[in-house]
Each structure stands twice: as structure tokens, then as C-alpha cells.
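Here we start with a single chain on its own, the form predicted on its own, put down as C-alpha cells.
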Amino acid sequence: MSENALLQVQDLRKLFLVDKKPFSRQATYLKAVDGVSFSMPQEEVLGLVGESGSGKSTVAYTVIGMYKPTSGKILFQGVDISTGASGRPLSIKKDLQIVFQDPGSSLNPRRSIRQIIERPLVVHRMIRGGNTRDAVAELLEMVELPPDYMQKYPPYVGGGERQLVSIARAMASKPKFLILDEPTSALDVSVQGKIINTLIRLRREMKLSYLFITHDLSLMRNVADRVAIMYLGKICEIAGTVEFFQQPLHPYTQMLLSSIPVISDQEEGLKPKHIAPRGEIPSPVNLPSGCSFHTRCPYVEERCRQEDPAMKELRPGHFVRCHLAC
């Protein structure tokens, strides 16, 4: 872990109680996040990728403070913020913001867009006096929406415009770090490009860092500086984007990359050897012994069934959780 990192996540675990028998100490837990560690310097985009149920959104919600960690630490600018949002100073909340997947459910339909955006301006004392109109108009223009949108209500604008409003709201406090929880997956393809281009531009202009949660590996090739793959609550591989796509080392990463659809023979030639998916994803409530991927891995050995591999750095900045990777 770098001492100069903007965000450090250390051995993070988040368990959810699934079942507890009355008058018994026995309980069943879902291991949503199981020993995740990573660090991010300023102005970096880290893509956190995984299938549904891999734990990537739980990592995001725990970092932002919606969940309190079961164990582990989260350090932001060197300050331990593992206590959850209620115990965090306002200065941390100001610098650490989130854009949710579905703007239809994250924006209050009974409040005007002006009311939605001006709320963080007031809470974080970003303006002096009571007139917020000019500040709201400036934030709307920042995301390429006209100032007259402030009079509208979320149900009466399109999904892409609602997500741009969500981004404007997140930018109101002038944060240093944005968590983007699949910000384009609920949108039509026709507007996804505009959202991504806006985020790329804001990152460059405002010198932002992004933790970008997604299941779309193709998107990460063009957006992220580094990519981390999650499987059943653990990071199984993390590397710089170029090396990640050119030299994937974990069998699960190779399986995902070989499944990306392409439109030319040249692109097909750049993909790793096709690995056909096998078996079913185990339940996070009843994880298999050893490596959690061994039930689906085509290269499985007896050691994989018995011993959970540790994360190791095989190349500078390229970490893999696999007994067989070399």
C-alpha cells in the first residue's frame, strides 16, 4: 500500500446475515466482500469489473459509507473512514461522492432539478448567501445541459439527462473522488457514449479519481488506467489496462476476455485463447474450499481444491490470486 494513495482499502470484508436459528449461536452469512485490498493514487481511474453477485457494488457502497465493514480498513487521504458515513467528518463526505446506476431511483421525483443540485451546495457551504441559481446553472452547463433544466422534474426528462443531473449533483461539492456504480448500464446505447465522454472530460478538467464499477470489460479498455477483476467477493487479478488486456494471467480473466464480442478478425486475434465456461457459480453463502474458482477452472489441480491462493505480484503492478499463474 502506498502512503501517498488517495484511497486505500485494506483486507476489506463485508458479511450479511442470511439466517440465524432461534436460541442458537449458529448463523449463516453471505460473504459479499472477502478480503479485498487495493490502493488508488490521485487522478487514477480503477475499473472494478465482475459478474452480477461478484461483490463489486458492495465494495463501492462500503467505501462510500452506505455499509459498515465487517472488518478491514478504508483510508481516504490517510484518514480511517471505516466507521460508516454517520461517523465521517463533513470534509470527507464533500470529497468522496457517488453516482448510482439508476438515476430514476436515485433522484427524488418530487423535487425539481434545481432543488436536487442545490442541496449539496447548501450542505457543504459551497455558496455564500441564499441565491443558488447561478451555481446550479453552472453545474448544469458543466454536464452540457441548458440552465432551463433546473425547472424540470426527473420523471419528465430522459434517462441520459437524469444521469447527467446525477453527475452534476455529485460535482456540486467539488469532490476529489467519484465512485461510479455502473453509470451507463441502465441507459440506451445511444446516450451511453455521451455520459462516458462527459466523465472523461470532467476527470481531465477537475483532476478527479474514479472507482468505476462495471461488468463491461470493453468499456474499461478505453476508460481505466488499471483494471481489477472480482469473483465471489475477492479480487482475482489487478493490472494496468494495457497489460491486463494483452497478458491476462488468471483463468477467469482469460475466460471473460475470450468472450468479448468483436467485429473483425484482427480484434479476434488479440483475444486470449477461448476458454469455455463450465459449471455454475457457487453460492456466496456456501463457498467451496480452496480457490473459489476451482469448480469452473479448466486447469484445476488438487492444490486448488484444498488451498485458497494468496494474491501475489508476478510482474510490477500485476497482481494475481492463482496457484498456477506464473
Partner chain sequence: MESWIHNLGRSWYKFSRNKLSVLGFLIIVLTILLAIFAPLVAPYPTHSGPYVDLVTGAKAPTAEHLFGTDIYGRDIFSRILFALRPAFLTGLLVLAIVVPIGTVLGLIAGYYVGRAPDTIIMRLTDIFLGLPPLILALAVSSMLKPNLVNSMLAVSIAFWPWYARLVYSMVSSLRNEFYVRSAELVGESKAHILFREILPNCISPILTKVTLDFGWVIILSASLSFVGLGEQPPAPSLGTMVAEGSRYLPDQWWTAVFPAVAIVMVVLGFNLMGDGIRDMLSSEVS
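What you are looking at is a predicted structure, and each value in this text was computed from that prediction instead of being measured. Residue numbers count along the first chain shown, from 1.
Beyond what is shown, the protein has a form predicted in complex with its partner chain; the following relates to that form.
Not one of Tyr252, His294 and His318 is positioned with any heavy atom within 4.5 Å of its partner chain in the predicted complex. Proximity to its partner chain in the predicted complex, defined as a heavy atom within 4.5 Å, singles out one entry of Phe177, Phe100, Tyr149, Phe76, which is Phe100. Residue in contact with its partner chain in the predicted complex (any heavy atom within 4.5 Å), chosen from Met40, Val300, Ile275, Ile64: Ile64.
In the predicted complex, Lys93 approaches its partner chain with a heavy atom inside 4.5 Å. Residue contact check for Val123: one or more of its heavy atoms lie within 4.5 Å of its partner chain in the predicted complex. Residue contact with its partner chain in the predicted complex: Lys234 places no heavy atom within 4.5 Å of it. By the criterion of a heavy atom within 4.5 Å, Arg204 is excluded from the residues contacting its partner chain in the predicted complex.
Of the stretches 205-213, 149-157, 224-232, 133-141, only 149-157 has residues with a heavy atom within 4.5 Å of its partner chain in the predicted complex. Contacts between stretch 88-117 and its partner chain, counted in the predicted complex as any heavy atom lying within 4.5 Å, involve Leu90, Lys93, Gln97, Ile98, Phe100, Ser105, Ser106, Leu107, Asn108, Pro109, Arg110, Arg111, listed in sequence order.
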